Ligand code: ARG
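Here we start with a single chain on its own, the form predicted on its own, put down as structure tokens.
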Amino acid sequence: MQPFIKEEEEYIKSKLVELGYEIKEVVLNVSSRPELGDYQFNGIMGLGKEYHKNPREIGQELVDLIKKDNKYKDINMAGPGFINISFSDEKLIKHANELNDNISINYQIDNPRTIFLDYGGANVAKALHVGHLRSANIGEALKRLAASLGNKAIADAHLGDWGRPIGLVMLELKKEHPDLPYFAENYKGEYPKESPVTNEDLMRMYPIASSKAKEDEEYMNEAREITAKFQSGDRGLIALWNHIMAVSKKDIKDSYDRLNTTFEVWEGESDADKYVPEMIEYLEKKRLVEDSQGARIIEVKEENDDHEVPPLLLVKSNGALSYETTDLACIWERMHKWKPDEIWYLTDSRQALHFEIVFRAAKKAQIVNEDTNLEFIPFGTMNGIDGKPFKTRDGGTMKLDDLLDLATKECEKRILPNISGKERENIANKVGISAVKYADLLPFRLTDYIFDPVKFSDLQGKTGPYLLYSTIRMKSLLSKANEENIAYKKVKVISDEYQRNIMVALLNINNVLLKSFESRSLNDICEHLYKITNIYNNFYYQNRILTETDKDKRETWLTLTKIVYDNNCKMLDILGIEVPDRM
């Protein structure tokens, strides 16, 4: 079954073809002037230009032809050629009942694909901070959106587990505990099964080691040496690395779990490193590798470039691998293991050139198929109420868990006083996460925004808590109807403009989903959720649903409540927001 609006678009396109006008697609948009119609088609002006005719003449031809089918409650033309359409009550009721039977009928896309997403990037041995929030939020929601539309979506945490941060922690541990067997030369025994470090140790040691390395060149050189040593497979350091990985990975996963961010693949730079030798051999056989001042590079610039594009640095002059090489090896691995049609990377915009170089090299080397879509998806920054990047009070980088605690504490104030104990704690956490997630996903992806925990935890206005509160109230209403054995199986009548507004808004679900998917941004879904929830609340306040004496009206209103509730739950789930039972 095609989505409702898509069917109408195909119908109007067929009528234009019947009139002798070729058009690639017809797009219906929610009307900006509801008094003229429910939806609007604005493509007539383009046809007028293409066919050198007055657009109003073409528009009138279309209106006259469609009126013969008696398909719409009303179709009219306004201005220079805007076509306004109002749907009949019968069509709205039919669509609502189809949604009641299956809320997912509008969740479909042409040509579903396998999409691999990279939106983790957390460094092992370091705490997740607020800088990890947007990639986790946007990436997770895009993955859920892609899957809900019928695509196969696979996400990788892509841990930073093979670079100098690990070496710095190892060095600091060695300074503090030089007698540990991991650092002993020619040690032949078994290494301890228990980790020599806790996550608290890692959180303490990394800042110390990082600070020392910046101030002491000798310390930095030692860090480079120990990093190269464990990357070369030193038995003791690999055993220590495994301990650090296990401890840190659990902490990283706990933070991501709290944010409802999940990954199907928990690999890191170390996994890609295994594929580097065979990949370089392949690149050499294709004669793409050049020598340049002791380094080895792949040229990726093109004749029509309007900006400087450096070559991909494959191997540095000191023999070390570059970050670009690791990412190229990741693509190599992903194409061999998962064969995706698309690979999406989510980081801030500063990495645009890096990914341009890597993508060009992957295409040039035919590591990916010609039609494989490699896509960099950048985003803006989250700032504090002073308009600057979000920091702690002392000016340091705030941990992600501390930000979530801040929002949770603020939202806990909005919870009913009779809810206590563990339940109160769990609800506060869900509502707090909703505040953070909705605020983060509401602006267009590239927009910088200010995070205000008080404003975003409000139960009124465009916030996650407002959506949760309203959705829970819908669920409560349905529960009361069930307790009173009030049946609600179908939408039967349209009794007022408030109800009709809900049913017209429900028509737009597929357009909202596809627009969000195509823009790789969740703002349209966030806006739709707020809009339809607000429209429902206006309807709710105008009608006494459970005590309505007209049985057809009462059944219709309850069924409509169920449809909006189901739609809210489904869209909130795409955003990674859980709905508690009460708040």
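Each residue number is its position in the shown sequence, starting from 1. None of these values were measured; they are calculated from a predicted model.
The form predicted in complex with ligand ARG is left out here; the points below concern that form.
Among the residues 463, 347, 470, 408, the one placing a heavy atom within 4.5 Å of ligand ARG in the predicted bound form is 347. Shown without its partner, this chain lists 499, 510, 148, 123 as candidates; in the predicted bound form, only 123 has a non-hydrogen atom within 4.5 angstroms of ligand ARG. Of the candidate stretches 433-441, 114-122, 244-252, 301-309, only 114-122 contains residues with a heavy atom within 4.5 Å of ligand ARG in the predicted bound form.
Interface membership of residue 351, defined by any non-hydrogen atom within 4.5 Å of ligand ARG in the predicted bound form, is confirmed. Taking non-hydrogen atoms only, residue 219 never approaches ligand ARG to within 4.5 angstroms in the predicted bound form. By the criterion of a heavy atom within 4.5 Å, residue 158 is counted among the residues contacting ligand ARG in the predicted bound form. Residue contact check for residue 164: none of its heavy atoms lie within 4.5 Å of ligand ARG in the predicted bound form.
Interface residues of 294-332, taken as those with a heavy atom within 4.5 Å of ligand ARG in the predicted bound form (partner not displayed): 323, 327, in sequence order.
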